[in-house]
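The form predicted on its own is given below as one chain in structure tokens.
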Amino acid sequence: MLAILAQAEKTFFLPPGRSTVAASHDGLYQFVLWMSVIWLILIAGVMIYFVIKYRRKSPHDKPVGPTHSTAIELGWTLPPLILVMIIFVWGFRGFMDMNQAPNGATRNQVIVAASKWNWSFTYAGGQNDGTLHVPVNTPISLVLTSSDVIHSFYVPDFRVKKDVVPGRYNKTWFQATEVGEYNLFCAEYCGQQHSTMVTKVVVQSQEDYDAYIRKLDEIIMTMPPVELGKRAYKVYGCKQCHSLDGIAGTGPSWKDVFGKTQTFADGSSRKVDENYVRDSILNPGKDLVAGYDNVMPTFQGQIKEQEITGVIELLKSISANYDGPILDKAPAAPGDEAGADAGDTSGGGNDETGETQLQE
């Protein structure tokens, strides 16, 4: 039994553990599993033996009435009690380890924002991405929040699972022990496209992680607006509800929408322009398009102004209803006078190549 418990890599029904808490979790799991198997065999074996040995051999057999046995009662009471207490203490220690982040974890804090049906990760420097990157052998503190319904942050390889609840902040942590890519799921049914709410945790060396953070810093300042819009389309989960090919989903398609006049649920209408797109991102319930439910979360405080500009330019580039100029340089940040004239133009029209690449 001890030899089995010591081999954390050889777990039944579980992927190999890749975090510091995995060994304790897997050890308890193996203990409960094998105790259940042993007791099942023992109890079932005794039952079968008694059925055969004490079966009624003729209609005239009269069974002897049961008698009291203190030894037997203690035998079936004390061992299970001891096992249950072992499981409780073992599990409680593991629970405390999983819920009490070690010193230094807050220096590597990541804000995890869940929404239907997307994960978004914001790092200490304000950088944002749709995949979670962390340095190896470093405790990572996670602050979890949801903008709509209950989700659940679940990384099987790390044995980490925590509910993400709207209207409050939950916290958890982990320390990955091996470089690699690991699946991150939502483990709480959250609506129509729950099964698509999947991303990756990328565990890197400290040097690679630092380079990744520097790259995120450079993206918004250097990426052309349409490309920045494509990135936002993926990072913020827009693709879960809005297609780029004209097919309506949970939300209206972005194809040919810029310059179009939208009719809203209250009977009013409005032309899709820059202000309309910005309002739809920051206050999605303000103008609800007829035929669609108000399920989109607000991205107020999450998306940067340059990224909103990128989304606007992306919409322009795939709309046949727009024939004006499209920015071909990175948009200036608010208050950045040096970049105020960065919005040179490169013509309008429909960027079908960019659309196809993004969908792929």
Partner chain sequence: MSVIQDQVKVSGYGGQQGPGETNYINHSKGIMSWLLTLDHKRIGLMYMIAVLTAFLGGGLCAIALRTMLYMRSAPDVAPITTGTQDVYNQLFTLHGAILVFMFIIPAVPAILGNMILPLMLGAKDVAFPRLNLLSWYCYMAGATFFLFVLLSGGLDTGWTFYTPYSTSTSTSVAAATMGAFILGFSSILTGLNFIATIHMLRPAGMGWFRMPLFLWALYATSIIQVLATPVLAITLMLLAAERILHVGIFDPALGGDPVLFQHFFWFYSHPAVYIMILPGMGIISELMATFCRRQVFGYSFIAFSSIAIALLGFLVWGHHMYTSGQSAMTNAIFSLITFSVAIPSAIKIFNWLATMYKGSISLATPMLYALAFIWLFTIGGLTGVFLGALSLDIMAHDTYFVVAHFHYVMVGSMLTSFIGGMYYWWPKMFGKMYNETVAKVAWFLIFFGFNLTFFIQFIAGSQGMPRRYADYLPEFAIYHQISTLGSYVLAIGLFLVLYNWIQSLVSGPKAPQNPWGGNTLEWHTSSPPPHENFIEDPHVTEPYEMRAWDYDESIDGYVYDKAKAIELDKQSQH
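Residue numbers count along the first chain shown, from 1. For clarity, a rigid core is taken as the largest C-alpha set superposing within 1.5 Å between two forms. The model shown is predicted, which means the values in this text are computed figures rather than measured ones.
A second form of this protein, the form predicted together with its partner chain, is not displayed here; the remarks below concern that form.
- Residues within 4.5 angstroms of its partner chain in the model of the complex, judged by any non-hydrogen atom, belong to 152 to 160 and to none of the other stretches in 130 to 138, 152 to 160, 217 to 225, 259 to 267.
- Looking at Lys271, you'd find every heavy atom of it more than 4.5 angstroms from its partner chain in the model of the complex.
- Put simply, Asn170 is close to its partner chain in the model of the complex: some heavy atom of it is within 4.5 Å.
- At a distance threshold of 4.5 angstroms between non-hydrogen atoms, Ala211 is out of contact with its partner chain in the model of the complex.
- Although the partner is absent here, Ala44 is a contact residue: one of its heavy atoms lies within 4.5 angstroms of its partner chain in the model of the complex.
- Note on contacts: among Val201, Met197, Ala176, Cys238, the single residue with a heavy atom within 4.5 Å of its partner chain in the model of the complex is Met197.
- Of the listed positions (Val289, Ala187, Val277, Leu244), a single one reaches within 4.5 angstroms of its partner chain by any non-hydrogen atom in the model of the complex, namely Ala187.
- After superposing the rigid core, the C-alpha of Gly75 moves by 2 Å or more between this form and the one not shown.
- For Phe50, the Cα coordinates differ by 2 angstroms or more between this form and the one not shown after the core has been superposed.
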